[in-house]
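Before any questions on binding or motion, here is one chain by itself as structure tokens, the form predicted alone.
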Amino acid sequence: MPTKIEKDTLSGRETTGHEWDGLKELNTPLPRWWLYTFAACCLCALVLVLLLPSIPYGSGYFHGLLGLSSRATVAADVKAMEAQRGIFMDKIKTMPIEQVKQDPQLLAVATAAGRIAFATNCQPCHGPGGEGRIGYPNLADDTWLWGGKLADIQQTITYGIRSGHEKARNSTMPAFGALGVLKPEQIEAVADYVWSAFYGHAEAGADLAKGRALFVENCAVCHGDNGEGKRDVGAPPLKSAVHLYDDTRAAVVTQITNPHLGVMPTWERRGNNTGLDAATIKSVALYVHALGGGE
């Protein structure tokens, strides 16, 4: 007995016979062109899976019936690029850093290499843009403890600061409080003077004359009478808007009492093959110098 075909009363179209809450499902099959296209895509995908590298298994993969692979081409391109880069890096290694900066082609290569090396080795402490943070100097401003010229930056990167290298930059601020050189009330007086005269903050009721006398007697030999600092001994300028260990009076007291003495590692390549080669160090120095604070 033939099946009775039910039609929707509103649209007049055939239904599937399914109904939910008074809603009838129309019998609307997919267009033939869509079905043919879908079948063609499936067939094409199957052919590609068989011809090209596709299905992974264990530690390998199906290489495809054609055996095609771009891995060898990519490896060859990378090798050629490294060889080309090696030529430029060899030149950077042998040339004085100031001459590298004058050569636009070498400078472009050095800047790119320096940016990569900085991101890998320096960014964790100095920040992505060299902006620094408390305890780690800002490399993008114009306040430099040891000098911001290319040669100065190169030397600092090469040998480090208090790194233990025989050529490292070294400076030591006495622990005036921990060693008992100054009493707590004297430290407070010096802090009041530094906070007022150099940091630019008025301290109500502070005995600045006493603080200045103690400063001249104990601190001026390194930091200068006017807080200008001395690069030859690694004494930072106190009369500055940039302060390594925060711009607070409490930080001043702490630094006088028992100072922080930061360490920067030496990046010179050592016998265990760690560190950076000479060309890469020059590249990092050029990149840092270009961040905005180089002298």
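Keep in mind that what you see is a predicted model, and the values were worked out from it rather than measured. The first residue of the shown sequence is 1; numbering continues from there.
Same protein, other form: the form predicted together with ligand HEC, not shown, and the subject of what follows.
When contacts are judged by a 4.5 Å heavy atom cut-off, Leu66 does not count as touching ligand HEC in the model of the complex. For the chain shown alone, Thr143 is a contact residue for ligand HEC in the model of the complex, at least one non-hydrogen atom being within 4.5 angstroms. For Gly147, a non-hydrogen atom is located within 4.5 Å of ligand HEC in the model of the complex, even though that partner is not displayed. When contacts are judged by a 4.5 Å heavy atom cut-off, Ser196 does not count as touching ligand HEC in the model of the complex. Residue Cys222 is the only one of Ile116, Leu107, Leu208, Cys222 with a heavy atom lying within 4.5 Å of ligand HEC in the model of the complex. For the three residues Met89, Met95 and Tyr159, a heavy atom within 4.5 Å of ligand HEC turns up in the model of the complex in no case. Shown alone, this chain has one stretch from 40 to 48, 26 to 34, 55 to 63, 229 to 237 that lies within 4.5 Å of ligand HEC in the model of the complex by heavy atoms: 229 to 237.
Residues of 94 to 128 lying near ligand HEC in the model of the complex, listed in sequence order, are Phe118, Asn121, Cys122, Cys125, His126, the criterion being any heavy atom within 4.5 Å.
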